[in-house]
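Next up: a single chain in structure tokens, the form predicted on its own.
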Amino acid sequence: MYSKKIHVKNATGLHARPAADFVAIAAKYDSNITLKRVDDEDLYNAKSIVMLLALGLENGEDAILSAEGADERDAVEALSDLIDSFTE
């Protein structure tokens, strides 16, 4: 398993458009990918738009992005870079 702490800096958080972009990238990887708030045990499937919207990460929040599988490192790094690019 490979994990990385991410920071949401998009003014509107991980709302519909960024979440859809996130899921589209996540779907390209074979690994199981999850997101969770820091200090929370609830895991959210990062390949599900419904789950990401339910997680509702807002501007300024930190989360743990994890992947498990053959391409876990590539998946986490690509998705982390995507989150960093959301700065509207």
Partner chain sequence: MKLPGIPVSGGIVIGEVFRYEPFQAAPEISPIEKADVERNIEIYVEARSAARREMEEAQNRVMERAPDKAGILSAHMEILMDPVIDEEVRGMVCSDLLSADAAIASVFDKYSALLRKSKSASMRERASDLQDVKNRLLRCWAGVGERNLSSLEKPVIVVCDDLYPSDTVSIDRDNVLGIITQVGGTTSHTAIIARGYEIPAVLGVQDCMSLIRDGDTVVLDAENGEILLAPGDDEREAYAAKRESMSALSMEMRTWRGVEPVTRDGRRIWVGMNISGVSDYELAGAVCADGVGLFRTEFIYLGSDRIPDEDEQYRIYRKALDAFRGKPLIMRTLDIGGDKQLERFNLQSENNPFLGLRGLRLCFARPELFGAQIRAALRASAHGDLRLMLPMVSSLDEIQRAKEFIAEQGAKLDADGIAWNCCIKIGIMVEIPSIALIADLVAPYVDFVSIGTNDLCQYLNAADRLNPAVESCYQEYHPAMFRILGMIARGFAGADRTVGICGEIGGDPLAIPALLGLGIEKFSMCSASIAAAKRAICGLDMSDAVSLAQEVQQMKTESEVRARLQAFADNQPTLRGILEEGTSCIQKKFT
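All of these numbers come straight from a predicted model, not from anything done at the bench. Numbering follows the first chain given and starts at 1.
Heads up, the form predicted together with its partner chain isn't pictured, but that's what we're talking about next.
Looking at residue 42, you'd find every heavy atom of it more than 4.5 angstroms from its partner chain in the model of the complex. Residue contact with its partner chain in the model of the complex: residue 62 places no heavy atom within 4.5 Å of it.
At least one heavy atom of residue 47 is located within 4.5 Å of its partner chain in the model of the complex. Although the partner is absent here, residue 30 sits far enough away that none of its heavy atoms falls within 4.5 Å of its partner chain in the model of the complex.
Residues of 49-71 lying near its partner chain in the model of the complex, listed in sequence order, are 49, 50, 51, 53, 54, 56, 58, the criterion being any heavy atom within 4.5 Å.
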